[in-house]
Ligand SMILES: Cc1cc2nc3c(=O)[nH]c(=O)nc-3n(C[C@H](O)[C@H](O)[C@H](O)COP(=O)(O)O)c2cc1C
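The chain that follows stands alone, in the form predicted on its own, written as structure tokens.
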Amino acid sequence: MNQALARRRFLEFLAASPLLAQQPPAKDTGMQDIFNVMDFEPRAKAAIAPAHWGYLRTGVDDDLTLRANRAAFDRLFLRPRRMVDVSKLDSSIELFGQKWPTPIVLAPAGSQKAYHPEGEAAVARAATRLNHLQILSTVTSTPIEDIAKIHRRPIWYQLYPTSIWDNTERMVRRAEAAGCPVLVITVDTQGGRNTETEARSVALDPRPCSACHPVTSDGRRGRRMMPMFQGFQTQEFTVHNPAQTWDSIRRYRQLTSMKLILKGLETAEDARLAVEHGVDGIVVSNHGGRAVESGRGTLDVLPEVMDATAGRLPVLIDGGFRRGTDIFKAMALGASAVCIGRPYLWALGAFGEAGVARVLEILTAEFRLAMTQCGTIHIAAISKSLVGYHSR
């Protein structure tokens, strides 16, 4: 067979792929050679400033937990089912009375203008276009009011409880006024963290911080000058509150009518305490491998959390999701939804809004293909019987 004929037949094979059939071709976008979300990573590295790239890719200590998140997926395999009518597929989920077309959620991530000039606004437009839930970070580089106007549906707000309650209360009030129905309280960075990969990258970047960050009057980096911190009576606070305890849940309940989700739980013990304290939901998370060097992937944590909560509240998960099959595995173990982070940030850095939309298209198509191959025509049909563990 000559080379031209072989190439033509290969392209005909690709054109007939059920996965690619669900994805519109990327025309004149520079994304013609993007086939999966990992393809965005080298493009993002080339486009993003070295210090910012280091912040995006960092874990903590030796990045062991960062790698453990991905390794966890390799230990789990799918058990495809055949001879099922999958001609009509429903991948939608419901969270707190709101229906979404897939379980794919855009995780909170700070300082998105570090990756693209339009930052969170570009992400919101892509999320709106494809009807996906977006969670906005405390350390957003775009005010919450602006994002709430761009996204046609209510966004959720992720909260870092600061060391000064008045400051925390001010942010919660702003989120509530912007129409956020859910407050996602991050609890996994109370003790700080050691982001060595980020520190090494910053050392390689010769630019002064003032080149792209607002700075305080004494020349410090301006995290305290981010939009959600504007108007604070004092700039002397820490973003993370080391004094937070389970008793804080009662205080949040008195402050807001928003649903309360705790993000960053990793054990059955804490999951049971969350239920006991009346929390509305959980995000199983190790902050993308950048909280503590536990050495344990979130997918490994999920089964014990599901056992502890026993279906009494929604359990979301993040950490290392790169494929539709990854999402399917988490749903099979009982997750209510999956939050993605780095993939859409890579795409944002490389291609802006169009890149974020493409990531959502790819993951949606892959997830729906996994549903099809496993004979699950709706989310409720995805069960633990469809996955198994490789023997070690």
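Everything quoted here is computed from the prediction, not taken from an experiment. Numbers follow the displayed sequence, beginning with 1.
As for the form predicted together with this ligand, it is not shown, yet the points below apply to it.
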**Request:** Tell me the stretch among 354-362, 40-48, 324-332, 339-347 that has any heavy atom within 4.5 angstroms of this ligand in the predicted bound form.
**Result:** 339-347
**Asked** If you check in the predicted bound form, do 143, 167 and 232 all have a non-hydrogen atom within 4.5 Å of this ligand?
**Response** no
**Prompt:** For residue 367, is any heavy atom within 4.5 Å of this ligand in the predicted bound form, or not?
**Reply:** no
**Message:** Even though the partner isn't displayed, in the predicted bound form is residue 108 close enough to this ligand, meaning a heavy atom within 4.5 Å?
**Reply:** yes
**Request:** Spell out, yes or no, whether the shortest heavy atom distance between residue 157 and this ligand in the predicted bound form is within 4.5 Å.
**Result:** no
**Asked** Would residue 102 show up as a contact with this ligand in the predicted bound form if we use heavy atoms at 4.5 Å?
**Response** no
**Item:** Proximity to this ligand in the predicted bound form, single hit among 186, 197, 309, 241 (heavy atom within 4.5 Å)
**Value:** 186
**Complete:** Checking 287, 259, 174, 125 against this ligand in the predicted bound form, the residue with a non-hydrogen atom inside 4.5 angstroms turns out to be 287
**Fill in**
Contacts from 49-69 to this ligand in the predicted bound form (any heavy atom within 4.5 Å), listed N to C, are 55, 56
